[in-house]
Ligand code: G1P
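The data below hold one chain only, encoded as structure tokens and taken in the form predicted alone.
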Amino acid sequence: MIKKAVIPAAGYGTRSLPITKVIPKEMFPICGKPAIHYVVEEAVASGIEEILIIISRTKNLIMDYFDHSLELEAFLERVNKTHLLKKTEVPNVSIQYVRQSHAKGLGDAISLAKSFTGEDPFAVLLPDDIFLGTPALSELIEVYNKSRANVIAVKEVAEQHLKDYGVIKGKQTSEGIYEISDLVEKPASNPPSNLAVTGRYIFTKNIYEKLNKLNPGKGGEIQLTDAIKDILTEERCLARISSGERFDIGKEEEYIKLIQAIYRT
């Protein structure tokens, strides 16, 4: 059973500068709640019981948000506004934190979760990606429970946008499920398919061995894509097309569309 999840939230948020100089992108407001709240809700709705959030020293707002604000709660009770206490509630799940001291990439951030996940398979949710509809993670867990394989969420993406994503090469094994044979990061031309990786993963413990053996790549970062490519030589890795609608909050136009979509529902 997949009961542990990792949320890497230590990046600089360079796509959303200048506001991310002072506000983490994970805290961008979406209809009164920060983006990471929706990601944690998805994890909880998918059966996750423990979450590790990877942060940097500039991301203490995330810790503050998921903590109880005793002063605020006492104030609301004192001024007879207890009806607002419900608005201060956060998802009921165990959350721990660890700091990534140096910005060495997504792969390095995930490697910091080894002592948290131990021998267990675990989920990874990237907080840039918000899904509406069926929780994307729950669909991956369903695939994992049947296959005991690594699983990655994908979406069909128009060809002109594939250069911005990791793109899988694979063979369809059943409706919406593919056996991955290769993964190409941001293909400049000739993408292997129209199926782009979309920020939800399930890994076995063996991903850590692959991450620890990697040399830093572009920008001195440890790339998760390289570890996945390595693990393909030894283990099955499946892709599941997510049925929900996905929004990348690092793109301003999608951030606005997400807010509009939530207001419509």
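Take the two forms, find the largest set of C-alpha atoms that superpose within 1.5 Å, and that set is the rigid core. Numbering starts at 1 and runs along the sequence shown. From a predicted model like this one, the values you see are computed outputs, not experimental measurements.
Beyond the structure shown, there is the form predicted in complex with this ligand, which is absent from this document and is the topic of what follows.
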- Message: Exactly one residue in 169, 104, 186, 114 has a non-hydrogen atom within 4.5 Å of this ligand in the predicted complex; which is it?
- Response: 186
- Query: Which pick from 144, 122, 178, 165 sits with a heavy atom within 4.5 Å of this ligand in the predicted complex?
  - Reply: 165
- Looking at 86 to 94, 67 to 75, 123 to 131, 170 to 178, which one sits within 4.5 Å of this ligand in the predicted complex if you count heavy atoms only? 123 to 131
- Task: Decide whether residue 34 counts as a contact residue for this ligand in the predicted complex under a heavy atom distance cut-off of 4.5 Å.
- Result: no
- Message: Whether residue 223 contacts this ligand in the predicted complex should be assessed with a 4.5 Å heavy atom distance threshold; does it?
- Response: yes
- Message: Using a 4.5 angstroms cut-off on non-hydrogen atoms, would residue 201 count as touching this ligand in the predicted complex?
- Response: yes
- Message: Residue-level question: is residue 40 within 4.5 Å of this ligand in the predicted complex, judged on heavy atoms?
- Response: no
- Task: Note that this ligand is not shown here; using its position in the predicted complex, name the residues of 245 to 260 with a heavy atom within 4.5 Å of it, in sequence order.
- Result: 246
- Core-aligned, does residue 219 move its Cα 2 Å or more between this form and the one not shown? yes
